[in-house]
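First, one chain by itself in structure tokens, the form predicted alone.
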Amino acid sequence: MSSVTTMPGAPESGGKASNLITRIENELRELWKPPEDPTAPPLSRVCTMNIEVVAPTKELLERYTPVIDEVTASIPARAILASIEPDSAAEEVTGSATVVCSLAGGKKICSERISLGFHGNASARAASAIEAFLVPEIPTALVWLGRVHTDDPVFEDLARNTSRIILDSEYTSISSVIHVAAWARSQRHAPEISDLAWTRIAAWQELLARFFDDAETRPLASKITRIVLKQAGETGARIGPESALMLGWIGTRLGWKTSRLAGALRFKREDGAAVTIELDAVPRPKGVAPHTLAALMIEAGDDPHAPALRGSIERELASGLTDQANTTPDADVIDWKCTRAGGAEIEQRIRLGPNKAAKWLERTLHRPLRDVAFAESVAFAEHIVEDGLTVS
């Protein structure tokens, strides 16, 4: 597949939402006219889903637009991107339509991208304007960037007509994900909730599971005595989304329970034994998102003072690729180590793929709509966040 190309429509203009909707619909009809050049590759219009993207500023939306263009190159969709700025001095709605194409099998496979901007009091009409462009009878995914409040009327209206809400707690917080998940549990026909942070830690889940792959070490999974999580940032910071979700996944898969003693959070295994949880900080290199999961270490066995297994997963933040053509600061190296009592240390070095938002969004859209493990991990993480677990 070739790189993404765009076929822009008319320039943006302000005005009433109804006039803008009519103009953009006319633009789309014009964009889909057959090319005048008979040698040009034929256009193939494909749409498998609607993707709504909502951002709090035009600048953030513009930064995220290439992400959506890359995703729709492999998942043909109608993308409706909207920035909503109710505090803007202006009161207007702006918008334009674009066809985003990529070559596949000698044909141009094209998706539609509609960009909208709502300013001032016009923001109250954002949901109805966005929904006017939805292609009927196909799934809709809502990608919400920035802080989210479940009593926001724009969020409520859009969420009512979507099958999946995708958040990125890198732009918000784990608290936002927890609140939206709790809201969804209280609704009769709520959309499913996803978080790109959950997709990003999938590799960590697999690497952790490797410690207990064989028959000899598998029973030790239920005998973990200590876990150390390290995240990029400052001492005193709250636990980040990736660390909280990772801890939630471990706890729910192994049947842990949480309790409090004198106000302090405690973790207990299924057999009632305590698990020590430590959260540390490592320096955050330039270009690395705050609270990125940087390391995980575990100890397991019957005797906490003499572990039968020690394991560590350490990410070399911003180590990047070594070849000049593909230098990517966040395609980091991971050191995986496992030591058993009386045995030799096993070590592997693994290269992660680039930490690109388009990759995570595409993988999330391909995942099953209902993810029970994610829902349970978020519920478990709620106890951790309520307690205010911070970096020591």
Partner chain sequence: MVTTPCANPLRRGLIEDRTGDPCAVVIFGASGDLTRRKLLPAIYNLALSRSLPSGFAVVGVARRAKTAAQFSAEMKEGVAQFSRRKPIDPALWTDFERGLGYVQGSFDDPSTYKKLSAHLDELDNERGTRKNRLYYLAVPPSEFATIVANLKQAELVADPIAERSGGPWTRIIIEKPFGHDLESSRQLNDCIASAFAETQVFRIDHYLGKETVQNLLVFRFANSLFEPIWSREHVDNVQITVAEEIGVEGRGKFFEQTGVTKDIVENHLLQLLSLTAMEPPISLSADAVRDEKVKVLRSLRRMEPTMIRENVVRGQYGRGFIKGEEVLAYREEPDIAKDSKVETYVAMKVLVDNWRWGGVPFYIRAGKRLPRKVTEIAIQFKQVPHSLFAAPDGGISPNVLTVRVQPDEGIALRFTTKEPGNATILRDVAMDFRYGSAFGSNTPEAYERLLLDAIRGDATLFTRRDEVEEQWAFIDPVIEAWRGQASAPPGYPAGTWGPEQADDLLARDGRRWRRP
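Numbering follows the first chain given and starts at 1. Note that the coordinates shown come from a computational prediction; the quantities given were computed from them, not determined experimentally.
The protein also exists as the form predicted together with the partner chain; that form is not presented, and the subsequent description refers to it.
Partner proximity in the predicted complex, defined as non-hydrogen atoms within 4.5 angstroms of the partner chain, places exactly one of 78-86, 248-256, 118-126, 187-195 at the interface: 248-256.
Put simply, of Ala221, Ala318, Ala182, Val135 only one has a heavy atom within 4.5 Å of the partner chain in the predicted complex, and it is Ala221. Residue Ile109 is the only one of Ile239, Val275, Leu296, Ile109 with a heavy atom lying within 4.5 Å of the partner chain in the predicted complex.
Mapping the unseen interface onto this chain, Thr48 counts among the residues with a heavy atom inside 4.5 Å of the partner chain in the predicted complex. For Glu216, a non-hydrogen atom is located within 4.5 Å of the partner chain in the predicted complex, even though that partner is not displayed. With a 4.5 Å cutoff on heavy atoms, Ala344 counts as touching the partner chain in the predicted complex. Of the heavy atoms in Leu229, none are within 4.5 Å of the partner chain in the predicted complex. Contacts with the partner chain in the predicted complex, taken as any heavy atom within 4.5 Å, map within 204-219 to Gln205, Glu206, Leu208, Ala209, Arg210, Phe212, Asp213, Asp214, Glu216, Arg218.
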